[in-house]
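Before any questions on binding or motion, here is one chain by itself as structure tokens, the form predicted alone.
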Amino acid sequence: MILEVGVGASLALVVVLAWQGVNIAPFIFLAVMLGLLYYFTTVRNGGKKEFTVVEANKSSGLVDFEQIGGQYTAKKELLEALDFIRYPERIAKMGIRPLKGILLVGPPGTGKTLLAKAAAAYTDSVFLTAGGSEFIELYAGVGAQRVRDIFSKARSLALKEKKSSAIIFIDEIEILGGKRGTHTSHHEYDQTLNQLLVEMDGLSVDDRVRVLLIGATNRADLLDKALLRPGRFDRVVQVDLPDFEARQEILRLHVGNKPLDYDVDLEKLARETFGFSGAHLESVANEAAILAMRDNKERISQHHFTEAIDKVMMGEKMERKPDKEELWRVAVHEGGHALASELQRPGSVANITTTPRGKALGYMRQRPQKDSYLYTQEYLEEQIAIMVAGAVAEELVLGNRSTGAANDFAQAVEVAKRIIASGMSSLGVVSLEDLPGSLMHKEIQQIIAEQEAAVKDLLTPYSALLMELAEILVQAEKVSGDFLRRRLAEEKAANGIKSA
């Protein structure tokens, strides 16, 4: 309103001056310059930023904690921290200082945003959400103003809706709260972060509206220490990838509204999706339904889920097809991976395929027997053996190797570095930073060469089975782990080889 009155008065003044014969060109030039300045600093850069507001009810997208699969520890910590909003009298009676901020830390897709929404529903709070990048602009002072705006808006909306609490959720908060002095235009970044610190320091349990800031990041190491000190982000909640039981629970939640066939085994699917986040698992359930619809099926079968896992991991099937010679090499290569894996870890192969997906012409998908978080030297060396088995199989059957093993060897090098870093190599305990590059290279070569020799001895007695497997892959494009295990057992029985 004030802006419109000012513009109208200015135009009237210009008309009067022109009528009096005054040269108005300088006034017009000044008005244009002021207009451009206003546009670039306020309109174009969103001077008054409108943040997303979500009402605290399920119909608007908020969820209950019961609707979030797994994350038992994270939910427990978060619920405990939210009690100061829900039960302020009890907290005051115990003399507990209320928490001002909660930081959710974990990989992408693990449910940090869902947890924040559930927190708003649990406390019946106004819920405002923004991304860290929404506070950063080229012009100094804009970011700090936006920080003031979002806290002010949280309080005013809560009062308007007659609520006593508000939750502000900032995703990717490392962009806003990164270590000061590390950015090129550090003045604007630092000023914005300083304003956030001031706002958090000003939060009090005695306020008419209790405001809680929830931040989410997968790079807590980038955050400024001042933001993490007690009295600001008091509680850091780890939101990790789901374990086996949590994956089963998440899958059950996501298939609850989908028609499943009798052969669907969620336990098997959970075992085959080690390392998947909640978002990955939701995508698997969704892709399986799409594949069933594509096949004109009324129910989703196990093979649809298996195909969906491959699609989520590797991408859609590619149109390109290698010629017969290349296809044979790919089949031998993937068969080598699968045989080495099954011989060293019985039951570990889920399936083998020569169907191109993404950048891969073929692949062998493993099925971990259990979720492991610590690895022995023996396990890591076996993993290297499985990685190099493709190239070794090519050499055994075709007499030479190809560039198809480049990615395998890159992964093998990383595992070898892990062995060295853990003090499990012949070098003993070392500092990777102080270790000469030539010595590191020599040790990596030795570790990988030993596993190449070992896997060659392992695969040689099964050369005929390797070729049979490759022939089936060329014709059928896919072989199940169950088929491989059955043929391997028959081969061992025929040759009098005892199973491990």
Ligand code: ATP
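Predicted model only: the values in this text are computed from it and were never measured. Throughout, we count residues from 1 along the sequence that is shown.
Beyond the structure shown, there is the form predicted together with the ligand, which is absent from this document and is the topic of what follows.
The ligand in the model of the complex is not approached by Ala405, whose heavy atoms all lie more than 4.5 angstroms from it.
For the chain shown alone, Ile250 is a contact residue for the ligand in the model of the complex, at least one non-hydrogen atom being within 4.5 angstroms.
Contact check for Ser341: no non-hydrogen atom falls within 4.5 Å of the ligand in the model of the complex. In the model of the complex, none of the heavy atoms of His337 sits within 4.5 Å of a heavy atom of the ligand.
For the ligand in the model of the complex, the listed stretch (343-351, 319-327, 375-383, 104-112) containing residues with heavy atoms inside 4.5 Å is 104-112. Put simply, of Asp234, Glu394, Glu282, Asp83 only one has a heavy atom within 4.5 Å of the ligand in the model of the complex, and it is Glu282.
The single contact residue among Glu134, Asp171, Glu287, Glu199, judged by any heavy atom lying within 4.5 Å of the ligand in the model of the complex, is Asp171.
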